[in-house]
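Before any questions on how it binds or moves, here is one chain, the form predicted on its own, in structure tokens.
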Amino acid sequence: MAHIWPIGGGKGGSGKSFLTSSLGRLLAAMGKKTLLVDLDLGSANLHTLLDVPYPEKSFSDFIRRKIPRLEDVVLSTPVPNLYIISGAHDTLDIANLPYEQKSKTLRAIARLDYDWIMLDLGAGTSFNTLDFFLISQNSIFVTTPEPTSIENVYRLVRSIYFRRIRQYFTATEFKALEQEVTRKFGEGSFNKPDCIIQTIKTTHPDKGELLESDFNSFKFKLVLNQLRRHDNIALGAQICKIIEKHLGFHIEFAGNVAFDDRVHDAICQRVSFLERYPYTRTAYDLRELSKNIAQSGSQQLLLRYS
């Protein structure tokens, strides 16, 4: 069974595609059959980072039923054990993926036969992005030290929380839930997850137990990318504490990735940063992060078969 890791952030420019491609390279180097899926719908560029400049087929071919099976859209890359589903030929309306097509995609991804599947997701909190996050108990959130990026990743995590709750209720039930929460806790309380969960446990105890089990099973990780020398190295751990305090989500701080101007140069020259600059702090941070991800997968397998 594949380990599926959605990777995203609330704000563009956080470096999630670079992070996804780097993790893919490192996991593949461990001998793991690794697939990267570019689901940054409408803004796909992962193929460029993997030196696949002219993909012969893409995710849109599956959506338009030109190619019936998602596995037949997979392309090899120059890196052994590393494969990609590109979004290079996405249609103009691909960002507004209809519900039926999204559901079809989610099912197809879950059936793919790889050791690791990394989903490179778009920025923001669209329903498509949130539902791609919820395909797995594992997720990696990427932020940078800027206040705007931190605020947006907080909003993203909160949106995933609300999206999961929403999936348990019909439109009528959800509206009634909102009214009950407001009645019990006052105006604005429906924006507070703890107020919602308390109300659900009272009005829908079965759903409350299921939701609590869901949230406890999530294995979320936060990566602080582009950390400069003057930045607070403890910032990532502090963000995780704030999220847990206000949302009730436990998020593991997976590590910092140092800023390096040469990342820009490597992308422009279409070469692997890890190969060109293997002894830099950034390359070291990326290798440590890949070990963290691989170890998490091993622990989950032990739990599954123990």
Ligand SMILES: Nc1ncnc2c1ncn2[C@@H]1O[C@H](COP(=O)(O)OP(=O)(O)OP(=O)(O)O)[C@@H](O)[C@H]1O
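Since this is a predicted model, take the numbers as computed values, not measurements. All residue numbers refer to positions in the sequence shown, first residue = 1.
The protein also exists as the form predicted in complex with the named molecule; that form is not presented, and the subsequent description refers to it.
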Proximity to the named molecule in the model of the complex, single hit among K245, R270, H264, K66 (heavy atom within 4.5 Å) | H264
Pick from N225, T129, S139, S86: which has a non-hydrogen atom within 4.5 Å of the named molecule in the model of the complex?
-> N225
The named molecule contact in the model of the complex: R25, any heavy atom under 4.5 Å | no
Does the 4.5 Å heavy atom contact test between D61 and the named molecule in the model of the complex come out positive?
-> no
With a 4.5 Å heavy atom cut-off, would you call S290 a contact of the named molecule in the model of the complex?
-> no
Taking 4.5 angstroms as the cut-off for heavy atoms, does L41 touch the named molecule in the model of the complex?
-> no
Could you tell me which stretch in 66-74, 51-59, 235-243, 255-263 has residues with non-hydrogen atoms within 4.5 Å of the named molecule in the model of the complex?
-> 255-263
Select from 14-33 the residues with a non-hydrogen atom within 4.5 Å of the named molecule in the model of the complex and write them out in sequence order.
-> S14, G15, K16, S17, F18
